[in-house]
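Read the single chain below, which is given as structure tokens and is the form predicted alone.
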């Protein structure tokens, strides 16, 4: 990290705000964009849309760093039983025509037009102004309509009592849950746990940032590489894009 960055970091910390160390993946490109902490009580910014670009060519088969980090951050068991929650799961795919193998994480796609929100009878499933799709546990009645509506199979039902809370993520038996993009971290100006974990492993497969900012690293990267959104035919406009599939 440059001296200028170090000086800016010290000045920012001196003002009491949180700043996460950026990890370079190419000259001038960072794994996530700088984001100021959102003060308590301040509404989400509708000018921002948080999203990810996942490069499957950099995602190593057998690596579960992102999954482990998500489980630890959000107090999940890490088991893969049908009754256990999985907010991120790794998929191992193979193209039929070429035999090429692809490894990729799968999570809530944080759609601009989320079907889970459309079918929720209580308003428990909702989308923040900045594009993050969440579940209000106080309103969720466990009907699981959202689970049936999600084409990405990204939601889980909490079957058992929750005793090991992370402290930052509310969970409860009888409710539905899914990836929150680590909203509690994002609101503090910190990248999601899966992004940091992937960077620590040296794979650098997940880029996180503001899709609406044309100068952000993620927006620039999306303009420079071929990427796709899963099930684009459904016109849900996911906030997650993929390279190499």
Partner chain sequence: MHHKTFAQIEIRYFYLLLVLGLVVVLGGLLAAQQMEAHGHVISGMNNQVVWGLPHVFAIFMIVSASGVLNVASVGSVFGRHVYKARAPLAGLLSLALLAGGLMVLMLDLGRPDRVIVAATNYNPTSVFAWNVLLYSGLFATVGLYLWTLMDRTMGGWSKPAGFLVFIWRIILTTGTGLIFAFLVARQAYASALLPPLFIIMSFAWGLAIFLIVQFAMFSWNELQLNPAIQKRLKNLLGLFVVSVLYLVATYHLTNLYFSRQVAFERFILAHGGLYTALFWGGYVVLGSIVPLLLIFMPGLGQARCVLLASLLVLVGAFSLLYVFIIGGQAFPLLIVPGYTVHSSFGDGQLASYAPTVFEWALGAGGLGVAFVTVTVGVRILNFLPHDDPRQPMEGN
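Please read these numbers as outputs of a predicted model, since none were measured by experiment. Numbering follows the first chain given and starts at 1.
Not pictured, yet referred to below: the form predicted in complex with the partner chain.
- Proximity of residue 234 to the partner chain in the model of the complex: non-hydrogen atoms within 4.5 Å are present.
- Contact annotation: residue 120 falls within 4.5 Å of the partner chain in the model of the complex, judged by heavy atom distances.
- Taking the partner from the other structure, the partner chain in the model of the complex has a heavy atom within 4.5 Å of a heavy atom of residue 155.
- Residue 243 falls outside the set of residues with a heavy atom inside 4.5 Å of the partner chain in the model of the complex.
- Heavy atoms of no residue among 77, 200 and 204 are located within 4.5 Å of the partner chain in the model of the complex.
- In the model of the complex, the residues of 72 to 108 lying within 4.5 Å of the partner chain by at least one heavy atom are, in order, 80, 82, 83, 84, 85, 86, 89, 90, 91, 92, 93, 94, 95, 96, 100, 102, 104, 106.
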